[in-house]
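Okay, so here's just one chain, in structure tokens, the form predicted on its own.
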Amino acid sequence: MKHLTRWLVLLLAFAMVAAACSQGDDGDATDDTEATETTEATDDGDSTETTEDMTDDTEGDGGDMMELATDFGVDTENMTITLGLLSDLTGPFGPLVSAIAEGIRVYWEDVNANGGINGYTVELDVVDTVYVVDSHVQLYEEMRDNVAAIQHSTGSPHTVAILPQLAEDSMLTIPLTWYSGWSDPALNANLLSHGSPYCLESMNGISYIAEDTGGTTIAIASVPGDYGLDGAAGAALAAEALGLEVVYDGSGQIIPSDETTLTAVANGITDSGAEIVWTTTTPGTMSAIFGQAIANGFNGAWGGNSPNWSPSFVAPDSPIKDAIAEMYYNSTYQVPWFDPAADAERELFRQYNAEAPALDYYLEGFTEAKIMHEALLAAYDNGDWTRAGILAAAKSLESVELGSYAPSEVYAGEPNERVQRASYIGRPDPAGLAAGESTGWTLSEGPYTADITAAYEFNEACYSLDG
């Protein structure tokens, strides 16, 4: 029971993060690497090291001499490459981001234990932003000359705040949010996003619920900002494409700290008589609105973007456990932790951390690390581990395979070609959670792409950060 309690606390916090916002081919490591270094002046006055590495992954005579250009974050003498994590470790999303960071750490520990990247060990520079934009910017400034790329950046406004510096530094960054603008060339020049954006996730979820229930009317409600309004925009697009009547529109109306607002939204949903409800909010506000609507006698199907969900909804002592199990459809970006599709990742994680509580979100850490790994491998193959070289290689990736637990990602081509359209749909599982056999939900279908999502022409963000 102690592990269950700890698990629920972590998952409740983790599920809120986005509201703010199998092992790869490591190459062959050598034991007899020889390196010589020369220094060449770059156009901007910085120095670029060119290292000749003897590798054993060639055919024929046993090795080729390959020149590897470097600038920041690569120690050619000690054969290390350093990646930065701008992480909220003690702020409002500390428990959840800590779980992601642990997934990242385990992934790279395994890579390093198996030869690293052609003999180079990956080191992580992890800092705590406390989920404060100014701290995020300051800590980036402090680490920028010591890292080759940013492995993780928590939060949409936080990542937006460092975009000018990322551009100036040619710094590759992996953001932790699912805002649709990350697939927009106007914002993503230095970013590799992943997972279906909030608006496309909404389209998938609503399509699935409408087909499963036969519902023809919908209520939409969300928090303000990029997360809430991006998800609400997708809900509106889904309603239009499916011919659903919007009988209540509370887009941007949910204010988590305002109980009066939560009651007003719950009453609006109840009075609408909608057969389907789609919310884009946090677990705490979702449970408050849901509980009030159910108490009012509302009896429709519910769903929402991934950050809505918390396994605490179906904990043994949850007052909404039975109603959630009956009415709620969980939407997310990957399979549950105990799903057979994640067997390989779960087994790998347990090799390095056998005592950690079961959390779906270690898989998010694996995803972020795997994407960075593929970018570094591609840049190494190009002989260019400068920051600009890593960024260019990342943007050329035509496919990053994530095993069977999540759909592959594409980073080359136009936004409509590379945006992730698939997500995962599941149902609550209170019995499995109580028995320690699930993380509170089980997979119904996924990777799932609705017809309307597949047909949607994605050429810009569904919701603009400019309003």
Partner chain sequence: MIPTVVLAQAGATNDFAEMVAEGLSLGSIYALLGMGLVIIFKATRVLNFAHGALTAAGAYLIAAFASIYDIPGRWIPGVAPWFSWTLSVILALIAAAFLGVLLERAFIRPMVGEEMFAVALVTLGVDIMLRGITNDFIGTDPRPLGDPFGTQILDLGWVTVAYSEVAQFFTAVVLVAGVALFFRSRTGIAMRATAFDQEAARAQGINVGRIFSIAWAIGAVLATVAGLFISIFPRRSAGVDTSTAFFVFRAFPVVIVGGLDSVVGAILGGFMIGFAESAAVSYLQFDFLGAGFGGIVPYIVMLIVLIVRPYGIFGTEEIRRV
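So that the term is clear: the rigid core is the largest set of C-alpha atoms that superpose within 1.5 Å between two forms. Positions refer to the first chain, counted from 1. What you are looking at is a predicted structure, and each value in this text was computed from that prediction instead of being measured.
Only in words, not in the display: the form predicted together with the partner chain, which the text now covers.
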{"property": "Per-stretch contact check against the partner chain in the predicted complex, the hit in 387-395, 70-78, 267-275, 334-342 (non-hydrogen atom, 4.5 angstroms)", "result": "267-275"}
{"property": "Of Leu242, Ile255, Leu348, Leu377, the one that lies within 4.5 Å of the partner chain in the predicted complex (heavy atoms)", "result": "Ile255"}
{"property": "In the predicted complex, the one of Gly383, Gly291, Gly215, Gly115 near the partner chain [non-hydrogen atom within 4.5 angstroms]", "result": "Gly291"}
{"property": "Pro185, heavy atom within 4.5 angstroms of the partner chain in the predicted complex", "result": "no"}
{"property": "Distance check, Thr261 to the partner chain in the predicted complex, heavy atom within 4.5 Å", "result": "yes"}
{"property": "The partner chain contact in the predicted complex: Ser306, any heavy atom under 4.5 Å", "result": "no"}
{"property": "The partner chain contact at Ala358 in the predicted complex, heavy atom, 4.5 Å", "result": "no"}
{"property": "All of Glu417, Ala455 and Asn459 within 4.5 Å of the partner chain in the predicted complex, heavy atom check", "result": "no"}
{"property": "Within 4.5 Å of the partner chain in the predicted complex: residues from 291-308 (heavy atom criterion)", "result": "Gly291, Gln292, Ile294, Ala295, Asn296, Gly297, Phe298, Asn299"}
{"property": "Core-aligned C-alpha movement of Gln351 between this form and the one not shown, 2 Å or more", "result": "no"}
